[in-house]
Structures are given as C-alpha cells and as structure tokens.
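Single chain ahead, by itself, as structure tokens, in the form predicted on its own.
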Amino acid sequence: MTLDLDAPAAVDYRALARRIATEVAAPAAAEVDRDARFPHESFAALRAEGLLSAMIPVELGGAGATVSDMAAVTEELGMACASTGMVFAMHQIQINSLIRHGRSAALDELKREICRDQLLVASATTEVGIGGDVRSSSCHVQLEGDTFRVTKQAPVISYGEQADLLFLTARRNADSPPNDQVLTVMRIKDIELERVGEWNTLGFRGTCSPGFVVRGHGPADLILDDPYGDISARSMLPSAHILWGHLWFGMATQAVNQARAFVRAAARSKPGTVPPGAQRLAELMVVHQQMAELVRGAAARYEATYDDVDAQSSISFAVAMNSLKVSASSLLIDIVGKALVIVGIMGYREDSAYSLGRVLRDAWGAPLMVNNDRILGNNAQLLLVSKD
C-alpha cells in the first residue's frame, strides 16, 4: 500500500466542534440566553475553522463534508448553547439545498464566495397569511430583465439582521399558483428589512427571530434551478429534521450529563449506598440510547439514498423524515423531564450548578417550532394517498 502524502488529512469534525463548544459557546451561553443576543463569538470561531462552508465540494473551495459531519458539529454545539446549534443547523440546511439544487455558473461562484468569506445564510420560507404552510407562497418573483424583485411579509426570520445572504421562497411569477414556488438568493445589502415584531421567547433566544417585511432584489441567475417542491422534499425538509434531531440529542445529552453528575455526587457523599436517583438514571439512559439510534439512523438513511431521486421523492421517505422530527422532539422533552426528576430542586433552581432551567426552556421549542401537530397532519394526508 502506498500512502498519498498529498491527500488532505481527514477532519475530525466532532472533536473540532467540541473544542469550540467548550471553549467559546458554553462560556457565553448564559449571556446569549439572558440578553437574547446573537452568539457572535461562536460564529467567529466557526468561521475561523471554515465550518460555514464545510459541506461545499472541494473543487469549489469547501471541504466536501457530509450531512452526518455537520450533524455531529450541531450535536456538540447543542450541548453547549442551543441557540448556536440551531443557527448553525439552519445555515447548513440552506447550504445543503444550494449544493444539490444550484447548478448555474452564478450559483457556483456564490458557493466559492461562501467558502472564501464564510458567509452566513438565513432563510425566509414562512409567510403571513399562508397558515404556516411553507409549500405555498403568496408573494411572487417579479422579473425585470436579468434581475428580480420580491416583497414578502415573513412572520419569522432567524438571525436575519446578522446574516450575509437570505434564501427566500416565492411564487415563480404573478400568475403562478401558490405551490409553484422558487427559492431565490439575495444579498442582505440588497434587501430592506423592516422589523415588525420582537423575539422574546422562553428558549432559543439567541436565534434572534423577529418578523420582517422583506423588500429585495437580486440577479435572476441566483434563483435556484429546481422547483422549490423538489428542494423541500429531497433536501430542505430531511436535512432540517436530521440536523434539528442531532441538535436536540445534544441538548438531551446535556441534561443526562447533569443528572449523571448529580447522582455521582450523591454516591460519593454516602459511600457504600446507592443514591435514590440511580435507578431513574439507568431508566433515563435507555431513552437516551433510543434517541441516539433514532437520529443517527435517520442520518445514515438519508446519506444512503443521497443520490437516489426516486427514493427521496417517495411518500415513505417523507413520512419517515416527518416522523423523525416528531419523535426526536418528543424524546427530548421526555429526557429533560426525567433528568429534572432525578436532580430535583437543584435542577429546578437557576442558581445551582445542576440547573436544568435553560435546557428545559429550550427543549419546549422543539415540538412547537414547526408544530408537531402540523407535521402529523402532513403525514396523515400522505398516508391517505400512499399505496405502500
């Protein structure tokens, strides 16, 4: 066997993310949460390591990382700061869509720019008046020669004021039906963002997600090549649920670690005895293992069918990815609740070393963000027409 000394060394993304999470994200997490501010220091560190462009192919300046690689990064960040992990996940969801569905020369040049300048991507897929259905739009693209314009009332845009690029859905033109959508790319400098609300929530406060009226323009060749329906089914929805699932698993692991530390401290205080929470901890580890296998299995399934258009366009695949979101978010709530019972009042207190307050508040965002009832409703419609 001959070693290829010119081949790039494999990157240990999990180890890299763990260092950033421990040294940068965790120390700032309480302040990010308290002040509902963007985690600037975490993203400076992620940019310095080139992680915002890691999934872009090597020939365009990226590192060719996989969705599983980015899921590992998201999981580690989620253990330290849920808002940092969520922003990172939302950025990578858009990058995955750009890689798979943006094939024009202009979009390839945009990928190189993202690598060179470590640009942060936000998205605007929801809209006032569509009832939370991201597969339909009211606003539309207005083509003017080789440029386009669009105006959209977005109830939520996460980190819109901190991002460099905005990926925005709209109807293809004024005559298109609501579900004939495209995904446009605009530079923040070409957008007027009129803030129409505040972001004052129990959790995920550092995602900075108020509503905006968006008025923007851009070159027409920065509209992604494929219809948004295909982008959503094959890239945006599955990668969102996989990356969010890993984020929530990281948060669950944080809660488990707090419970484990509490039980161990109790055991050390009374040698030779089994603390009351030890059996509950054993039960908690069963659920934690169940969640690990769920989210990592889903990532493996996605990558195994990454180039199989038929498989990823099937009803069974859509139902599985929707079910992942419902299951993972429910397991997170269950795990954090069980951890809180083990730690007791010391977990309930905000001023305790074993406090679970922040992860408890963040965890409830998981089933509410793209509400699980809506996801189950989508699955119900899919199952009615499924012939499997």
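Worth saying up front: this structure is predicted, and the values here are computed from it rather than measured. Start at 1 with the first residue shown and count on from there.
The same protein also has a form predicted together with a small molecule, omitted here; what follows describes it.
None of 172-180, 201-209, 260-268, 109-117 except one has non-hydrogen atoms within 4.5 angstroms of the small molecule in the model of the complex; the exception is 201-209. Checked against the small molecule in the model of the complex, the residues Gln92, Ser158, Gln254, Gln312 give one hit for a heavy atom within 4.5 Å, which is Ser158. At a distance of at most 4.5 angstroms from the small molecule in the model of the complex, none of the three residues Thr66, Gly297 and Thr305 contributes a non-hydrogen atom. Contact between Gly229 and the small molecule in the model of the complex is not found at the 4.5 Å heavy atom cutoff. Contact between Thr22 and the small molecule in the model of the complex is not found at the 4.5 Å heavy atom cutoff. In the model of the complex, the small molecule sits beyond 4.5 Å of every heavy atom of Leu77. Contact check for Asp373: a non-hydrogen atom falls within 4.5 Å of the small molecule in the model of the complex.
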